[in-house]
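Here's a solo chain for you in structure tokens, the form predicted on its own.
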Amino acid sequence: MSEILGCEKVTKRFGGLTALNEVSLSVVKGEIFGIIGPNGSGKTTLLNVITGLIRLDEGRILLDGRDITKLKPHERVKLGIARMFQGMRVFPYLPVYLNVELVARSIYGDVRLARARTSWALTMSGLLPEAGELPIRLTPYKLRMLEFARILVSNPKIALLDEPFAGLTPDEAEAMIGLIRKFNSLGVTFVIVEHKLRYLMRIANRVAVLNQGVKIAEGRPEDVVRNPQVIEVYLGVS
């Protein structure tokens, strides 16, 4: 299997704080790759670097072998990177349909194609009945589905999900798992940052563990959770 996303010795500093310290990852096409670690370990910062929301200080980001380190966020989206944020990043006073269509128009240009993709994404995420609703009236689960629809409409190669199970009931989390598995089977690669390990460990092919900006472990979920260093720093026991 070939690499779709590569992070090579990625380093990011905020003043005197090193948020990421020479972090290297290789994500294979078609896999579900998990990133875990305690609060402040650099997980969201890494996603921000990959999507171009913040600039790294050292290292490189590669997509399909192409160096995208200096590209702007919207340029990375057009190349196939999509993102679900930890905090909701939707337009609260625009209807659900327009929230998704605006993303589609920014990518496709053609209005009819954008509308067709929007209707498809809303159908796939189960939001078509709420197309005319305002996001502020949606439940936490429906808001997550709105963000998922905004990912789908861009036809991504790789989707970065930051805490996708946050605020969801067990049944809603199962529905989210089902969607992730469905689109993974259709060829979408996923990178998932998540605290709820019981969900992530069920679907991830491989997991990387960050601690204080350093990658301390990587491998199959069942191996990583038995790693003594991971148990000590992530679970708080020695």
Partner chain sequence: MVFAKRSAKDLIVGKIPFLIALAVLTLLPLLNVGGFWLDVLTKVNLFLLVTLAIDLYSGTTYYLNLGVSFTFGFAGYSLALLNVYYGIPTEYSMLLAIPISIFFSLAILLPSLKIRGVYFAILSLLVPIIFIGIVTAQPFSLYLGGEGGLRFKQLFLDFARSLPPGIRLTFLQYSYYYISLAAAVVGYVIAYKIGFSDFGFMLRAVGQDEELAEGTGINTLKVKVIGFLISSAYASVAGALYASMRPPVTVDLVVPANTLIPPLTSVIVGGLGTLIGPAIANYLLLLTYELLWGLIGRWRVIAYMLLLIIIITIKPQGIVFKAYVEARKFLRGVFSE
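Please read these numbers as outputs of a predicted model, since none were measured by experiment. Numbering follows the first chain given and starts at 1.
Heads up, the form predicted together with its partner chain isn't pictured, but that's what we're talking about next.
**OP:** State yes or no: in the predicted bound form, is some non-hydrogen atom of Leu98 no more than 4.5 angstroms from a non-hydrogen atom of its partner chain?
**Re:** Heavy-atom contact with its partner chain at 4.5 Å: present for Leu98.
Original post:
Hey, in the predicted bound form, does Leu179 get a heavy atom within 4.5 angstroms of its partner chain?
Top reply: No, no contact at 4.5 Å.
Subject >> 4.5 Å heavy atom contact, Val103 to its partner chain in the predicted bound form >> reply: Yes, Val103 is a contact residue.
Original post:
According to a 4.5 angstroms non-hydrogen atom cut-off, is His74 in contact with its partner chain in the predicted bound form?
Top reply: Yes, His74 sits close enough to its partner chain in the predicted bound form that at least one of its heavy atoms falls within 4.5 Å.
**OP:** Would you kindly say which of Ala166, Leu143, Leu79, Leu128 lies with a heavy atom within 4.5 Å of its partner chain in the predicted bound form?
**Re:** Exactly one residue meets the criterion: Leu128.
**OP:** Please determine, with the chain shown alone, which of 33 to 41, 169 to 177, 66 to 74, 198 to 206 has non-hydrogen atoms within 4.5 Å of its partner chain in the predicted bound form.
**Re:** Only one stretch passes the 4.5 Å heavy-atom test: 66 to 74.
Original post:
Out of 87 to 101, which residues reach within 4.5 Å of its partner chain in the predicted bound form, heavy atoms considered?
Top reply: Read in sequence order, the residues that approach its partner chain (within 4.5 Å, in the predicted bound form) are Arg89, Val90, Phe91, Pro92, Tyr93, Leu94, Tyr97, Leu98, Glu101.
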